[in-house]
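Quick heads-up: the structure tokens below are two forms of one chain, split into structure 1 and structure 2.
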Structure 1
């Protein structure tokens, strides 16, 4: 992975991000970042359950449309894996064994998404959640060496992108969640600790049907797209502690 000629330095890229005043500039800078590191794709994805996702990057429009059309957000191991973690995620460490995940992976590769990926989860104010992802096709050895050399730079760039997104789209910032009931807190806490739904229901001495009511109520209050997202949001907002 050799850096292409006639591209800005990293400091110049960060300065351009600081100066950016509109979304189109972020889109252009994402292409510059891709070229600077000589990789296939860069993508910033602000995940939202209440409105359309806020996305910029170098994935094709066809793939972005396909991703939303198939509702891959609900089965994407990258999204789910980042919801459960606060540190960057290498795609190869995620579970792609499920039928839905394998179908997504095959579809992504067919649309030009590389076989290697690295996503930085970003948590902002009031439960904001975003991903900054880089993507390439190369061997595992090449990818591991590339990430060792560039990981810190990607963390820095990721947070610059997110700060600008928050500046450009302040009306999209999530509202403060309603408070959770004691039973909802109990359910979310046990799920965060890794309990299955059956184990949570047994521990709380309630039926799984009643548990489902608590979980769905908490998910709605948190503005979460699924249970995993609800747990992540509850943790990030300090509503539950494990």
Structure 2
């Protein structure tokens, strides 16, 4: 048994994650994970621009502040690339050709993020989306080899981090019970597909007025101020899919 040794096993790290009862613990576990894998940085980032940022990891405070200040979230190829993928992705495989993306990249390296990156997308209920990211400075070959050996571990650690984040932020998904009725889902889906109200009403074989009741009702349930916002909220909560 290695229980007494200074370096914990992966299982012990997962257990520690499971036992964590407050945010600060995640922060210190981040450092343990980083040391365990002997890499420069690990970072957990719950991606959402509307609510307060939810980040923990070993990146410098300066970098995190700058990331928000510059609103890099909007142009980050890591975010955009991972959002469309299921599988974790090496940063080298992303598209950094945009001007804003290159600026972000240079800024990140200047802030000591590292030259190599690997991000695991994680998704929870209601369209929740987070990234678990590893960073290091080393050769491409070393990095690829390291990833080959450890990516399963990263999947698990990412999962545990996200589980805790969801636990600590229950207000993120509170009025989930307010799901939409089947007709409301139909209406929202067709609207998201670009149908006008008249077309939706015809498609659903109901009067346009009835349709409006559904839209209003969905809008109310979603706390949206107009149809576009209702569709956006329904989409980002995973209530509809287009």
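Computed from a predicted structure; not experimentally measured. We call the rigid core whatever largest set of C-alpha positions still superposes within 1.5 Å between the two forms. Positions refer to the first chain, counted from 1.
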Form predicted on its own - structure 1 or 2: 1
Does residue 210 move appreciably between the two structures, meaning a CA displacement of 2 Å or more on the superposed rigid core? yes
After fitting the core, residue 197 CA displacement of 2 Å or more between the two structures: yes
Rigid core fitted, is the C-alpha displacement of residue 225 between the two structures 2 Å or more? yes
Report, to one decimal in Å, how far the Cα of residue 188 moves between the two structures once the rigid core is superposed. 11.7
How much does the C-alpha of residue 235 move between the two structures, in Å, when the core is lined up? 8.0
